[in-house]
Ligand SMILES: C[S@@+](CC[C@H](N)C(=O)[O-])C[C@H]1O[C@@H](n2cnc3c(N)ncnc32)[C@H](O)[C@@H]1O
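Encoded as structure tokens, the following chain is the form predicted on its own, with no partner shown.
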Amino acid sequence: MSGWVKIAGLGPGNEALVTPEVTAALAEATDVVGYIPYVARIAERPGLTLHASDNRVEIDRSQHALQMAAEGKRVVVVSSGDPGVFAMAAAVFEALENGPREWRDLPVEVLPGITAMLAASARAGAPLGHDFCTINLSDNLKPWPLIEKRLRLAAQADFAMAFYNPRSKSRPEGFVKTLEILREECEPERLILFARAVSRADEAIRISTLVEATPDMADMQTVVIVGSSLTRVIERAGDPIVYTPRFTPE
């Protein structure tokens, strides 16, 4: 039996947003590897072994997946959203690069998914309709001064911005600093979108402005989208629409 690894994105939460390609890979798999809540989304069946692990053991998890594939197993490494956006694809390739030479000959494939940033943008309208950037606000894997530099430069360049991992119980001060930096660099009326648990039953979308935003509006289940200076709101009878025009005046 020839082993392989497929690194799959499970989307933002709603099963309807899992791609057919990922569903097919899971149907072929002998083993599924991933963070505990993501593996919990996979239905048990005969011939499938689920390997759930904690959040900060990405390299150990990746090495385990590659080793099982080297033994002939068909392994799916699951992430939420898209596996290439602050998720498991980079971790698997890091383990591949630094692991045994024979691992490099294994079939390894990345199966894209709908990341929370895009699901949140779609729910609101099209706030990422022109140039944008994405920043992970967690300082677990990079220093805070680098995050601050990127925030300031992105704001000065007038990008729309999407933030992952904005605020956790262990580092609540990071998003406080983020709002302070944005208020220094942007106008008070800049639109900011808080999208929590997008596509799930407890989904909550909140549109605010930079001057009105408070740190407690975000948590680890929230994607924060900050508009550019051109981002606007269309008020209507139903939910308002937030979008960034496709053009930028000279």
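The first residue of the sequence shown is number 1, and the count goes up from there. Remember, predicted model here, so these are calculated numbers, not experimental data.
What comes next is about the form predicted together with this ligand, which does not appear here.
- Looking at 194-202, 45-53, 23-31, 178-186, which lies within 4.5 angstroms of this ligand in the model of the complex, counting heavy atoms? One stretch meets the cut-off, namely 194-202.
- Would you check whether this ligand, in the model of the complex, lies within 4.5 angstroms of a non-hydrogen atom from each of P127, S208 and V242? So, no: the whole triplet misses this ligand.
- With a 4.5 Å heavy atom cut-off, would you call Q67 a contact of this ligand in the model of the complex? Result no; Q67 lies far from this ligand in the model of the complex.
- Is there a heavy atom of V76 no more than 4.5 Å from a heavy atom of this ligand in the model of the complex? So V76 does not count as contacting this ligand.
- Message: Would you classify Y164 as touching this ligand in the model of the complex, given a 4.5 Å non-hydrogen atom cut-off?
- Response: Although this ligand is absent here, Y164 would touch it in the model of the complex, with heavy atoms inside 4.5 Å.
- Query: Would V85 count as touching this ligand in the model of the complex under a 4.5 Å heavy atom rule?
  - Reply: V85 belongs to the contact set for this ligand.
- Could you list which residues of 218-239 come within 4.5 Å of this ligand in the model of the complex, counting heavy atoms only? Residues within 4.5 Å: M220, Q221, T222, V223.
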